[in-house]
Every structure is written in C-alpha cells, then in structure tokens.
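Taking the form predicted alone, here's one chain by itself in structure tokens.
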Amino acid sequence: MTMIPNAVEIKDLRRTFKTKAVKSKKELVTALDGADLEIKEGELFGLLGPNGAGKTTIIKILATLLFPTSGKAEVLGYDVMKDAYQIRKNINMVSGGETSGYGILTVNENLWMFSQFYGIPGKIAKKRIKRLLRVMDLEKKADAKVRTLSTGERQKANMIRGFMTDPKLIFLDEPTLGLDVNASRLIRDFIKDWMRSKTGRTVLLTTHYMMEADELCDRVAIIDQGKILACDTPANLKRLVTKESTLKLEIRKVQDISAFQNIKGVKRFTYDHNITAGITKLNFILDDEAIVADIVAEVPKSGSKIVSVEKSEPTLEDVFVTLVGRGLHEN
C-alpha cells in the first residue's frame, strides 16, 4: 500500500509572545502550546477553534510569515525555518474580510498585477484570470474599480488572486466570513471542484461555520488554548458525543399505532394525532440507529404513507462544545 506523503507536519509546535509593557512589565502569552498535526497531500483539512485558540498563528507559521518559538513545522517536505523560499513558491493564502490590491485599479488590473508579482507568464495569467472570473461569476465586474465592489465581490476577487497561482497547498482563513448564502455556496463549490480537478492539491481551512466544515472537510482538528484537542473525520468526531438520536415521522393518520410501540431499539415512543390535517406524528428516541429502517418498514404495514421524515444526530458543534466547554463564539 502506497503511503500518502504529508503536506503539513508539525510536532510539539510552540509560539509565545510578549505583550506590550504595562507598568514596565511584559507578560508572556502562549499562542501555541505543543501542537502536533499531520495533514496528508490531497486533503481538505479543517481547523476549528474559538478566537485566540491558535488557528491563525499556525497558518502564519506554515506560511512562513511567523517563526515558531520551538518545535518543528514542515510544509510540502520543507522546513519553515530553513526553506521559506521553496515553501512560498508552492502555497498561497486567502483570508476572509481582507482587501487585496488597490481600490483605484479595476478587478482585471489588480489580478494582472498580482499575476506578475507571482511571476506567472503573461499568456498563462490572462487565460487563468479570464477562466476564474467566469467561474467566480465576476466577469461583469472585470472592469469595475475594486473600491466599488460589494463584500462578496471583493472576496470572490480575493479567491481568484489566491487560486491564480495553482498552488499545491492553499490556506483559507475563514474565506466565507460575512458573505451571503449565494456567495458562500459559490465559494464552497469552487473549493470542492478545485480539489477534484487535480490530485495532490491540499487545503487547510479555518472556519467559524460548523456546517461548512462538515460539508467540506475530509478531517477536522479542534484547537483551544494552543493545543489540538481532537483530530478525525467529521463522522468519527461526532461519535465522541453521547447524544440521543431522534426520529420524527409524519404519516397519514392511522387509528392503530400498536405496531410502533414495541420495536426493539426504541428507547421512548410518543405520538400525536392531528385530526384537522389528517396526520399522525410519531416521535422516537433511539437506542440503536440501525432500527430506522425497521420503523420506516412498519408504516405501509399500518396502512399509511410517510409524509415527512426528520432525523437528528450529534453535530460538529456538539463535539466542539463537549471538547472546548463553550460555543465557538463564546469568550
């Protein structure tokens, strides 16, 4: 079996800062406290944590914008302390809410300027800019001044700038922050399509949106106070949380509900007849999720039909609160 190489490897990574002097004293703040992490090539990897947890510090170290205090960090096989130039040739970064470029220049002019900073040959740069403007639904704004763009349009332009180099590894630091539903969906779809279009590409994503991490990420790490608390697939992380699964069925009204009362694996069962709507609502709390199929199979036997099905299970947010002890936006 072929081993997939690591795109990112950090071991016992530490970073401390000295605060500004207050009454002639400087306090030492620990941003990273012995973090360990491996990200495989080709992974879309999520990093979740509250503000001040260490997410941005990790990204800055991996992007060679900040030196670690101690420990080891490698990106694409290169040491962040010794091989910054090699790393920078192969990565890029997009942050949510950033304003890239110059407001007096048009979108096209800004993107062309960045393409030359990156050293992309002219013909290739023009083709990539044209294609990405189309993919990002920004063609009509190509000749608009950047200062006239909406928040969502500016972020689309930032995404084009970041992906224009076709990096092997890209850091996305809250790329959909503050965007509307349509702009967020377009960016998520673009990220997924970009990952699928070529093997070996890697994304490190930070986000405050749990549903986004669940939808996009192959694996997720949860960080708090500079320490990695857990790292696994979203599905496996959810299994860490002990939470009752519920199943709610709305079916055409039936008189006899006895068939649903003694199904093995049901912890609790309640029902409610809505005479006006002609519907019976069935509520199950499950000991065993495998019995959902058995419950559904009883509906036609009772002479009824399913109107709606709703099933609840642990979420990434439940995992986060369990591990961190508070919600993502709580201090």
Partner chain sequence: MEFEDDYPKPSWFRMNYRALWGRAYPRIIGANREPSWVFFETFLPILAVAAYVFIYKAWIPEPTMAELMIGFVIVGGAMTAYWMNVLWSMAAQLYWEKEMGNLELFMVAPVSRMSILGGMALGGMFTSTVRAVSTIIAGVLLFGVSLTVQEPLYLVLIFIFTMLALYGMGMMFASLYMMWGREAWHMSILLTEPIYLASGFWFPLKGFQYMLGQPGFWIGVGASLIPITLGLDGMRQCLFGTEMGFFPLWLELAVLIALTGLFIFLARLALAKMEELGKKEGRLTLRWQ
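Predicted model only: the values in this text are computed from it and were never measured. Positions refer to the first chain, counted from 1.
Keep in mind that the form predicted in complex with the partner chain is missing from the display, and what follows is about it.
Visitor: Using heavy atoms and a 4.5 Å cut-off, decide whether Thr64, Arg88 and Tyr118 all contact the partner chain in the predicted complex.
Guide: So, yes: the whole triplet contacts the partner chain.
Visitor: Quick check on this chain: which one of Val241, Met113, Ala142, Leu229 has a heavy atom within 4.5 Å of the partner chain in the predicted complex?
Guide: That would be Met113.
Visitor: State the residue from Met211, Val181, Ile124, Ala235 whose non-hydrogen atoms include one within 4.5 Å of the partner chain in the predicted complex.
Guide: Contact with the partner chain in the predicted complex is made by Ile124 alone.
Visitor: Within 4.5 Å of the partner chain in the predicted complex, counting heavy atoms only, one of 71-79, 248-256, 218-226, 191-199 shows up; tell me which.
Guide: Of the stretches listed, the one contacting the partner is 191-199.
Visitor: Looking at the partner-bound form in the predicted complex, is Lys156 within 4.5 Å of the partner chain by any heavy atom?
Guide: No.
Visitor: Is Thr151 part of the interface with the partner chain in the predicted complex - any heavy atom within 4.5 Å?
Guide: No, Thr151 sits far enough from the partner chain in the predicted complex that none of its heavy atoms falls within 4.5 Å.
Visitor: Check whether Phe163 has any heavy atom within 4.5 Å of a heavy atom of the partner chain in the predicted complex, and answer yes or no.
Guide: The answer is yes: Phe163 has a heavy atom within 4.5 Å of the partner chain.
Visitor: Answer with yes or no whether Leu138 is in contact with the partner chain in the predicted complex, where contact means some heavy atom within 4.5 Å.
Guide: Flag for Leu138 set to no.
Visitor: Which residues in 82-121 have a heavy atom within 4.5 Å of the partner chain in the predicted complex?
Guide: Residues within 4.5 Å: Ala84, Tyr85, Arg88, Lys89, Met93, Ser95, Gly97, Glu98, Thr99, Ser100, Gly101, Tyr102, Ile104, Leu105, Thr106, Glu109, Trp112, Met113, Phe114, Gln116, Phe117, Tyr118, Gly119, Ile120, Pro121.
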